[in-house]
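Just the one chain here, laid out as structure tokens, in the form predicted alone.
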């Protein structure tokens, strides 16, 4: 096994969603805590694309935001090259954040509409290299625009003058400006037309090979994950339920939830034969999750043990009903 480059260790995140204190006092109601992420652990090797998949509300984006330092974990840690991201000294934090960037889901919202493209891309350059001469900065912006398939003259335009795919290219150029090692890609193509998605994904793969980037890809689109990722982690209600190589997970899914996700993917042959499978049940409320295994209310293999004891991730799967090799 290669030495881990990114280590996610027992990561948890709780959000206090309680009503105001006066309202709680009048109604004699307790605090309400949303358990968004519950003791998630995995690692990513250098140059690898690791994907997180799951239904909406499973905690994928919360993990991604903790991985770049936008959110502080309730418990657990994130390490880059064996160094914690959440140390208190400012110099360490600045150095670590230069190596980490994020591509957000919506290119319409992630770019400042009042700034020209050149200023948007230049922001990381100004933050991390404030003494860089202006001519060098302009040259760097032009090179980055060309790297993502745009023209240097586009630096003078505003975001509203671009299409959705072009705006995501600008977001990618901004992420590359700091010369990062690790990029979290939070649903980078979900807001784009299908015809544009493949172009952006191929661009991301080319840039990964060119710059030696490491990706954490967050997506609910299994086709995107299959195209991009070498290993995949499946998240359900804040818990990691399966981790496997992409080929193994798609050809031989082990956890019942993974099987349910794959069975729900539209297939023209299944539709023609009347053998489509739909997702059963609803995701439980994370404020009051089920006891034991969170998935047991929807699981066809659930037993009494599943309602009482949360399964540990052993041999890449967290399920009491799945037989494990000796």
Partner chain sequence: MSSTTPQPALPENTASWWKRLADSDITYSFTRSKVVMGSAFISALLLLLALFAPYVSPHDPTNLASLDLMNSLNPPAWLQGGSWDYPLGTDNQGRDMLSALLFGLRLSLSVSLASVILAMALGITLGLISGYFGGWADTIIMRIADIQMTFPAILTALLVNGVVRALLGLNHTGGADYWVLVLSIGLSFWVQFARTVRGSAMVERSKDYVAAARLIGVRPTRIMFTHVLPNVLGPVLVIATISLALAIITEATLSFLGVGLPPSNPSLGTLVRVGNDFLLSGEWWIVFFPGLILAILALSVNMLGDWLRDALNPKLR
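Residue numbers count along the first chain shown, from 1. Computed from a predicted model, the values in this text were never measured in an experiment.
Beyond the structure shown, there is the form predicted together with the partner chain, which is absent from this document and is the topic of what follows.
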(request) Would you mind picking out the stretch of 119 to 127, 136 to 144, 75 to 83, 237 to 245 that comes within 4.5 angstroms of the partner chain in the model of the complex, counting non-hydrogen atoms? (result) 119 to 127
(message) Exactly one residue in 32, 65, 259, 43 has a non-hydrogen atom within 4.5 Å of the partner chain in the model of the complex; which is it?
(response) 65
(request) Give a yes/no on whether residue 109 approaches the partner chain to within 4.5 Å in the model of the complex, heavy atoms considered. (result) yes
(request) Answer yes if any heavy atom of residue 154 is within 4.5 Å of a heavy atom of the partner chain in the model of the complex; otherwise answer no. (result) yes
(message) When the contact criterion is heavy atoms within 4.5 Å, does residue 254 count as touching the partner chain in the model of the complex?
(response) no
(message) Is it the case that residue 211, even though its partner is missing from this view, gets within 4.5 Å of the partner chain in the model of the complex, heavy atoms only?
(response) no
(request) Could you list the residues in 171 to 197 that come within 4.5 Å of the partner chain in the model of the complex, counting only heavy atoms and keeping sequence order? (result) 174
